[in-house]
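Below you'll find only one chain, the form predicted alone, shown as structure tokens.
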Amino acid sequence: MTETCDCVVLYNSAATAEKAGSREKIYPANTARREVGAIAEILERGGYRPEVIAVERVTAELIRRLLGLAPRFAFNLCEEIDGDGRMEMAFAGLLELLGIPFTGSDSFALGLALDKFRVKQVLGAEGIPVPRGFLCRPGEEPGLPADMKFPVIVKPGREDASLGVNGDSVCSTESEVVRQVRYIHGVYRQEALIEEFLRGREFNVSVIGEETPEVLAISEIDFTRLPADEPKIVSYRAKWDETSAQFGATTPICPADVPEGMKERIDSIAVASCRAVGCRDYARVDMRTDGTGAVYVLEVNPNPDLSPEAGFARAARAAGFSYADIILRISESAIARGDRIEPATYAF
């Protein structure tokens, strides 16, 4: 008889290997997976029987186990396979091939979101404002268009978690741009994305839902305590190095204090961005304003951190939801999606 369970919680340990020459080191905060146990506990309290499975690589044994368990849905927390973040979409694709409904965005959206420049093109085609920018591929020398003004920000074109973003990422001269582009080409072995740097406010906008996505809350990054010589950005150290001056000086304010008209504009852009990329269940949209207060989308993250203390949970609390509320709501969305899929019909 086939062994069954309500759901599986799938996760992988964060990579602990550093790229040679990288300034972005491994810190305890970015290797912990605090959300795994918390989510499993909430699912159990919610009446499910979760099975927690650590996924390091895809094997025949893993596939047999998933097919044998035949879960009603999977809570997918996998962000990489065998240390490769580019495989995040591939694992989602495997679940699609196995016919297992899962939480979060599908393989297409996960793959698209990893390509920052492609996302900019998609959003721009939808009339969603994005900063002016271009790619500089390995082997090319950056040449800024005549109408592109300093300062600019230089970052890897296909990384997340602020990898490749440091105190030198905001550049005010051509020589600084060349230095940072060479750093990304040499260490990260990929194209560098060069964008006009917006000097205004920075917002993280958490969105929940699939067919009718809604904004939970707008969070603003407070840069007022950053050292004077640090650019006003959330760098890799600001996000992960809990001992750094940057970490303690990029405090989120949630909910952000924004005028009603601006809030409506931000909410509308966030929902439209999620739909354009194909996000489902939960996502975060990062935005920034220019000197006039106009809002632009920096990135769309279809798989933000779901840890109890992370920004998405903070936004949920600001909107009046408990951590358990959002985890169960995300789970119910995956179940409903699975229930809508009819069994295949064969003509033989």
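Every value quoted in this text rests on a predicted model; they were computed, and no experiment measured them. So that there is no doubt, residue numbering starts at 1 and follows the sequence shown.
The form predicted in complex with a small molecule exists for this protein as well; it is not shown, and the discussion that follows is about that form.
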query	finding
Output flag, 38, 72 and 335 jointly within 4.5 Å of the small molecule in the predicted complex, heavy atom basis	no
Listed residue (197, 102, 188, 91) with a non-hydrogen atom within 4.5 angstroms of the small molecule in the predicted complex	197
Contacting member of 266, 192, 165, 77, with respect to the small molecule in the predicted complex [4.5 Å, heavy atom]	165
Answer range among 47-55, 64-72, 282-290, 318-326 for contact with the small molecule, defined in the predicted complex as heavy atoms within 4.5 Å	282-290
Non-hydrogen atom contact residue 298 with the small molecule in the predicted complex at 4.5 angstroms	yes
Partner contact for residue 106 in the predicted complex: the small molecule, 4.5 angstroms, heavy atom	no
Residue 237 within 4.5 Å of the small molecule in the predicted complex, heavy atoms	no
Proximity of residue 241 to the small molecule in the predicted complex, heavy atoms at 4.5 Å	no
